[in-house]
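Below you will find one chain, with nothing else, as structure tokens; this is the form predicted alone, and questions on how it binds or moves follow later.
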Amino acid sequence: MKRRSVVSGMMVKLAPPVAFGVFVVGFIQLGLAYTLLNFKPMQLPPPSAVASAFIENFQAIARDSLVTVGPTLAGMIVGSLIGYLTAVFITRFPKGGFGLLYIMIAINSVPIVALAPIMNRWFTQPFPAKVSVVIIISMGAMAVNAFRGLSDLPDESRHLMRACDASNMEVFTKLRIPASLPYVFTALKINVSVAMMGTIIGEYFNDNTSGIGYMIKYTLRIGNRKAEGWAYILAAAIISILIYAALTLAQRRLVRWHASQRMGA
């Protein structure tokens, strides 16, 4: 009964975005986008043409997707870890370490289109260049969210730990870290799209002839391969959705005690 209610709740939440997606696809496929918005099929191929190109080039898209997914996940994990450790340091030493949070925010505000060419110049190999871009753009969101989770503790929980004569380490491991987990998953979900974007832009400016970013750049320049280029864009969207869904499932298992999970959020 409980599983059925969870499934029904998920279907209710998925209904609006699915309906909107169907509307957008129908709007383009029926030609309304070309008539009302003056788009050209060369600019925005019909969804049926994109789907056909995706199926016809599936093996090549899968190979290039693997090239992109590797540095995306590696950079997101390392960058998120650095951001979390920074938040831990700031929480432990607020007077001396709080400035690091502003440094993280300042670094995170550097445009990706400016960061990617710099990293491509610093690193001769494409993999570390792409990973470094993703690391830099993933740190800020994790540092800010994790710091909030480590700091915003319920008063009753802190009073209880104090009444039990808990040490600072016990408060940190048994209260602060668990309290930060929902914020950690929020940051990770934010970093999914940011990391994918960073990798694709890194590939766009890189001389390497593989990866989703390079293929988008290459195919969209050729008149008869526009649909294939959009098929690669579709692949990037699918990968991001799958990673986001995996994080959501992990959150439901690891943070079951949180109010948002009990309410089926």
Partner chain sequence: MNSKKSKKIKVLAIALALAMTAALLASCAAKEEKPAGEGQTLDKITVQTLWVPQGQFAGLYIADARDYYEEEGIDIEILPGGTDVTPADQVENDVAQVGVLFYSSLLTYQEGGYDFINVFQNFQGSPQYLVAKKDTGIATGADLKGKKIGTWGAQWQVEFAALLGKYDLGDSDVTWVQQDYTMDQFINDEIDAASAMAYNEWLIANDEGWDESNTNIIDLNKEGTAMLEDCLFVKRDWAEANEDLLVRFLRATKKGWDYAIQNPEESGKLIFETGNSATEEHQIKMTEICGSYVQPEGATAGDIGKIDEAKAQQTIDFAKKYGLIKGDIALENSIDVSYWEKASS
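Residue numbers count along the first chain shown, from 1. Keep in mind that what you see is a predicted model, and the values were worked out from it rather than measured.
Beyond what is shown, the protein has a form predicted in complex with the partner chain; the following relates to that form.
In the predicted complex, no heavy atom of Gly26 sits within 4.5 Å of the partner chain.
Taking the partner from elsewhere, Ile222 is found to have a heavy atom lying within 4.5 Å of the partner chain in the predicted complex. The partner chain in the predicted complex is not approached by Phe58, whose heavy atoms all lie more than 4.5 angstroms from it. In the predicted complex, none of the heavy atoms of Arg63 sits within 4.5 Å of a heavy atom of the partner chain. Contact residues in stretch 202-236 (any heavy atom within 4.5 Å of the partner chain, taken in the predicted complex) are Glu203, Tyr204, Phe205, Asn206, Asp207, Asn208, Thr209, Tyr214, Lys217, Tyr218, Leu220, Arg221, Ile222, Gly223, Asn224, Arg225, Lys226.
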